[in-house]
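Listed next as structure tokens is one chain, alone, in the form predicted on its own.
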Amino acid sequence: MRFAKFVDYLARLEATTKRLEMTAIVAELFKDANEDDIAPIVYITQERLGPAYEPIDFGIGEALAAEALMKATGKGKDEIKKLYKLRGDYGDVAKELLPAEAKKLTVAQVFERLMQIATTSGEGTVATKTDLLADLLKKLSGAEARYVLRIPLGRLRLGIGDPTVMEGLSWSKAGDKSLRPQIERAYNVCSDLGQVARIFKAEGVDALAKIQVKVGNPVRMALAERAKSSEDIVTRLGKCAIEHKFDGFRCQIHKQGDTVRIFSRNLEETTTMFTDIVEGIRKQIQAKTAILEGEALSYDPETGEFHPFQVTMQRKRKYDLENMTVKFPLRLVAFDLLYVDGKDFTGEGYSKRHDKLASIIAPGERVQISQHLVTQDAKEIEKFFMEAITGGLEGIMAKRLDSKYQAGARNFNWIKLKRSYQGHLSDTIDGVVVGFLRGRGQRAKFGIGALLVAVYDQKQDKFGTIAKIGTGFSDEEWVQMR
């Protein structure tokens, strides 16, 4: 597919906020694309060059984008900056300055160049990235460059989420959303919509069944519904397992021999941040290959007590890792098993998964099994809950004993009861709007993109800014807010 044709679809998507209309356009695009183009198209519409768990970072900010535009157009820095202040979007600046006629680059060629820009490293990286981006812009029309420049800046903002892509794929072949369940199952298992789209396009919906749990490919995590009380839990689940709900980092751990990878709830790879957990997995997990889940928490090595979440949070950083590992060591409380030594456990009941998980964890400091209470007595559950929150924990999790691990699903097989749901924690802040930030991307037309909020500091008699708020308003409300 020519990139110019793809851009026509992007323009149509940008022009609507209606979900059904978006789905129809995406379905038409997928029908039009061939099997080689469809994965890059899926990634690009979501401002990526691969699945979410692959950390492909462009490393391009506004300054670098401006410099690339200068080289591509021959315009001076002042002129570029002046246009940017007027438009609020480097993509619009590119459209205005570059020729209007469509060029001949294909989707695959543009995607390959973007990947080259993103993966460039070593000495002189910034200059090389700038030159590569400028060279690409020279080969594009203004309309094409408008979208290409928005991708590395994270400003595409088409509103194309996973559900729209999955329904678009279904509509492209079936003419309705009837194929979404098979598409979603495959996506939940492999977390790669590009791969799912490629197989779906090339081999059909039945071929998606061959996508199975695989070590190294994160599985979209199972989620819990809320309960109002211990009685509510018993009514929904009957006899069930009750675990403590820890307030730490949700981790999905993939072990392949001595190679260990850790993924967050959002499928971000956090392996390099949690080296102590990696070492614990290597020493304590008695399996060649395994996928398990747990909560990583900072603890006091002298007392064994877990620290509050505010302390654990300090471990989520990219710098000074060695010092923080010593200062705030982590322990993994493992609570579920998805795969071990060639066997997929997601189809087994919770009890069997938990027992197998306990059997492969050797004694040690870094990894422990989550203890649970099996009961159908609401009073026992309430007592367990009160003990948990008195001990500083978030609350409890209740799990249906025969429930399978349903990747990516939120249902009542798992139910959480937190202190905040029962009024055990009440914490609100009164904020004052003290200013706003100019809009960028889609909000450039409003001249406002976020509110700046402050709280009053009585000692200093000043308002200290604490947050930017950029969600929750309609287009009309943004205009009124300005």
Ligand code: AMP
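Computed from a prediction, not measured in an experiment: that's the story for all the values here. Residue numbers run from 1 along the displayed sequence.
The next section is about a form of this same protein that is not shown, the form predicted together with this ligand.
**Q** Here the chain is shown alone; which of R410, K352, K210, K104 has a heavy atom within 4.5 Å of this ligand in the predicted complex?
**A** Looking at the other structure, the residue within range turns out to be R410.
**Q** Just to confirm, with a 4.5 Å cut-off on non-hydrogen atoms, which of F246, F111, Y90, F345 contacts this ligand in the predicted complex?
**A** Contact with this ligand in the predicted complex is made by F246 alone.
**Q** Which of 238 to 246, 254 to 262, 119 to 127, 318 to 326 has heavy atoms within 4.5 Å of this ligand in the predicted complex?
**A** This holds for exactly one stretch, 238 to 246.
**Q** Verify the contact flag for F335: yes if a non-hydrogen atom of it lies within 4.5 Å of a non-hydrogen atom of this ligand in the predicted complex, no if not.
**A** Although this ligand is absent here, F335 would touch it in the predicted complex, with heavy atoms inside 4.5 Å.
**Q** Does this ligand get within 4.5 angstroms of any non-hydrogen atom of V340 in the predicted complex?
**A** Contact with this ligand, no.
**Q** With the partner left out of view, is K75 within 4.5 angstroms of this ligand in the predicted complex by any non-hydrogen atom?
**A** Close contact is absent here: in the predicted complex, K75 is far from this ligand, nothing within 4.5 Å, heavy atoms only.
**Q** In the predicted complex, is there a heavy atom of this ligand that lies within 4.5 Å of any heavy atom of K71, even though the partner is absent here?
**A** Although this ligand is absent here, K71 would stay clear of it in the predicted complex, with no heavy atoms inside 4.5 Å.
**Q** Just give me the residues of 296 to 311, first to last, that have a heavy atom within 4.5 Å of this ligand in the predicted complex.
**A** Not one residue comes within 4.5 Å of the partner.
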